[in-house]
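Quick setup: one chain, the form predicted on its own, written in structure tokens, and binding and motion questions come after.
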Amino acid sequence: MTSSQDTARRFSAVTGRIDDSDNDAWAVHEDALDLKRRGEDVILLSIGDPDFRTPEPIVDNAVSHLRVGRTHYAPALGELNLRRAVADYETRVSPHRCRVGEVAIFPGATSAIYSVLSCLVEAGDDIVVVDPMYVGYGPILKALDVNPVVVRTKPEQNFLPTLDDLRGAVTAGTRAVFINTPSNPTGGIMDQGLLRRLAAFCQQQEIWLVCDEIYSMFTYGVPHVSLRTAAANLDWLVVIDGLSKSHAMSGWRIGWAVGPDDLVQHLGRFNSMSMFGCPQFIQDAAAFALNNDEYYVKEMRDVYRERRDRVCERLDAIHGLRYHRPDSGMFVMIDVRAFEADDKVFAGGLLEAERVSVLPGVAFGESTRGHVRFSLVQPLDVLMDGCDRLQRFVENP
């Protein structure tokens, strides 16, 4: 009898598509975690997990619902109280009324993206995406076996696409356009005019326009305009959002998608056979968070704004260093080409020499090659220490 060690096991094609041995986007971060576990003094600036604790009233709400037995199966589309809270929120921020029937709840925005695209595209379809893009998008597109048609952006245009570039990327095989505003990693915000014209174009072409708005509540001066606000009508449009960033609830895994009723019904059936809903007590707490969040979100946003401002002031003092001041989010993209052409080499060297971990820009696409992403999810004194170490590294190679 042949042992399993003597034969190669057979796995599905999807495992090969997502098991990309060349994708080492998180290598520096993983190395940094290893160093930290060994007791090294490492400053982690390579991840976007908020350093705030979830506000206590939200935690208390979850605990209270745990105690009264809200621990059973939930509807595939989500608990009615949370779907209603999302609908009310979307109605407040858009001129278009949002109904409960347009809302589907997911365990996080990433799950929402995968589920939505699974219900919209077929293997081999073209899907227009913007470079740079969040590192988690690539594996989703590979798993679905679609053909990404990449729209490159330019640093001098704040890494934002033009309407002509987006329209020019649409082919006869395009099934969807997938955008992210406010952007991770750059913090750029697409303006209302661009979104309105893009929505009208997609509707005219009868292709889906999907917008990830997970950083919608974290903007600094330049306001975020939701796709639902910008568009004249909502046909063929899907908006995805969640509480991970804005409410410091990344580990709670709550996100949502808002789209046409017929798509939402498909999403419900997709959830039924895959995730079978989110925990009841977490959904209860999420509904509470959305209905009672004005103070907490503003407080965290103000802290991130101060961190951004202080970090940018500190980076201004480093001779030869350039960066892109973000209008939103929790990252600063730093241009390191004056010091090292290869951003992966720069990030690895910074970790080795100064024990500071940042994410190489090439992880997000070719547009941010030669940049590194500097995260703001650390207390201000830690960020200042990180800036000091960064300056020491570039001035004393």
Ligand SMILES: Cc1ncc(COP(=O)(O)O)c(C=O)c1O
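Heads up: residue numbers just count along the shown sequence, starting at 1. Since this is a predicted model, take the numbers as computed values, not measurements.
The protein also exists as the form predicted in complex with the ligand; that form is not presented, and the subsequent description refers to it.
Novice: Counting any heavy atom within 4.5 Å as contact, can you tell me which stretch out of 106-114, 89-97, 143-151, 271-279 lines the ligand in the model of the complex?
Specialist: Result of the contact check: 106-114.
Novice: Report yes if all three of Asn180, Ser244 and Arg253 come within 4.5 Å of the ligand in the model of the complex by some heavy atom, otherwise no.
Specialist: Yes.
Novice: Just one of Ile214, Ala231, Ile189, Leu209 has a heavy atom within 4.5 angstroms of the ligand in the model of the complex, so which one?
Specialist: Residue within 4.5 Å of the partner: Ile214.
Novice: To verify the annotation, which of these, Phe218, Tyr137, Phe159, Trp236, has a non-hydrogen atom within 4.5 Å of the ligand in the model of the complex?
Specialist: The residue from Phe218, Tyr137, Phe159, Trp236 that makes the contact is Tyr137.
Novice: Counting only non-hydrogen atoms and a 4.5 angstroms cut-off, does Asn184 reach the ligand in the model of the complex?
Specialist: Yes - in the model of the complex, heavy atoms of Asn184 and the ligand come within 4.5 Å of each other.
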